[in-house]
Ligand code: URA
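In structure tokens, the next block holds one chain alone, the form predicted alone.
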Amino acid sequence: MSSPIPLHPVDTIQRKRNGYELTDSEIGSFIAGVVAGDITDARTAALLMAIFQHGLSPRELATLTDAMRRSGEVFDASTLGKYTVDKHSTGGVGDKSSLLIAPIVAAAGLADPMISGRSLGHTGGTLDKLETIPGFNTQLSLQRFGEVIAACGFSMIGQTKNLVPADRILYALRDHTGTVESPYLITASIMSKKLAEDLRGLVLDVKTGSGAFLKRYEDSEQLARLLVATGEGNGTRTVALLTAMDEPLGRFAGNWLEVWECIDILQGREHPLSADLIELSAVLAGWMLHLGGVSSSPHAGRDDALRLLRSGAAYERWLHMVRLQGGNTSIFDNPAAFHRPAVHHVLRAERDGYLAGMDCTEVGWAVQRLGAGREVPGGPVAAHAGIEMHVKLGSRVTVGQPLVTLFTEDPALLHTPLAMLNDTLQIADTPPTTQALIRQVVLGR
């Protein structure tokens, strides 16, 4: 019998480019080649664009997700002896809810093995935020990952060389090839990481609106259903919430700035402009507590989450986790003092009226271009770049009132983001109609 003809990556690219459905062998071989370094970035980028253009069938999506999940090590949660549950967001501006949710869930007695990502497109990344804490290590071995979870109930790490390496490579390339918004690539990216965590429950925060990757509601709903079907199909109880992303979530957007906001909340200082962040975090954590059997219903879970947050129990878990991962917790004694931008600038209202609208994606890009995002894959981010919002959509404003403060570590970066924000923040004579924070819940069963 003759040996099988090796699968050439160019053939796979051309078949997908021409709209054909790829075989399991083609997908598996391509992902293996990407991880081994045998397939160039150019060829990988070409396949990403072909998938962006033609999409994936349910079988192709399942195969791609599983190939990415098994491209490296997979976490074994069986030794923890607890219900494992996690949360993931599809990405928004100022979305730092993971920093509140994971310690809440741990304080409730569940285990949260959280594998997170870096900045992508106009949105920030949880790992970049955590790494502004001096000494904090996001690159743990799976053995150490499990030890931290066993000790304090949760751990927050990234895709190391051996953990979902395929997603680490594809994630960076998507950011620079215009393929971020594909619901199929988003699903494979998110679910490969989540399924590698050996979860029993998963709650997904699917953003919709001007600051989401998928701005049309029907596209966000499609993504939510793809994610839920992929999770449930792999034996993980999965729920998706479609949530509004028409303005930055909470008060701050930026790396250290978002950690600072969460520290304030965990320590019991709840700024009025953080109310939406606190509510969303409580609702998402509530679903996690319900799936894990701690709370009788999602609504009861929300109330339980708020109690754990406001009692200080979540903050104790947070401190424990940060110390176990090498972080210096002394800066939490005065997080405002740790914020050290080179320059700040206040953008003020030019007229009386109401904050009536903004392109939240433009706001996100302004934050990234202040230095909070990357110019090249793997490049550095500025810890202290970002913005502070002083008003929310629908707020009454008067001429000269601060709308947003911009922070940067490089004064040369200030001009363009300032112009972007000035152009996109709209003041009108009448207040806008705003969307509910939670738009829809998508259940698998």
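The shown structure was predicted, so the numbers you read here are calculated from the model rather than taken from an experiment. If you superpose the two forms and keep the largest set of C-alpha atoms that fall within 1.5 Å, you have the rigid core. The first residue of the shown sequence is 1; numbering continues from there.
Only in words, not in the display: the form predicted in complex with the ligand, which the text now covers.
Enquirer: What is the one choice in 87, 317, 174, 122 with a heavy atom within 4.5 Å of the ligand in the model of the complex?
Expert: It is 174.
Enquirer: Identify, from the list 190, 100, 204, 291, the residue with a heavy atom within 4.5 Å of the ligand in the model of the complex.
Expert: Answer to the contact question: 190.
Enquirer: Give a yes/no on whether residue 263 approaches the ligand to within 4.5 Å in the model of the complex, heavy atoms considered.
Expert: No, no contact at 4.5 Å.
Enquirer: Quick check on residue 186: any heavy atom within 4.5 Å of the ligand in the model of the complex?
Expert: Flag for residue 186 set to yes.
Enquirer: Sort through 166-174, 337-345, 104-112, 361-369 and report the only stretch with a non-hydrogen atom within 4.5 Å of the ligand in the model of the complex.
Expert: Result for this chain: 166-174.
Enquirer: Indicate whether residue 338 shows a C-alpha shift of 2 Å or more between the shown form and the other one, with the rigid core used for the fit.
Expert: Comparing forms between the shown form and the other one, the residue 338 CA shifts below 2 Å.
Enquirer: Could you tell me whether the Cα atom of residue 170 shifts by at least 2 Å between the shown form and the other one after core superposition?
Expert: Yes; residue 170 is a residue whose C-alpha shifts (by 2 Å or more) between the shown form and the other one when the cores are overlaid.
Enquirer: Taking 2 Å as the cut-off, check whether the CA of residue 123 shifts that much or more between the shown form and the other one after a rigid core fit.
Expert: No: residue 123 shifts by under 2 Å between the shown form and the other one.
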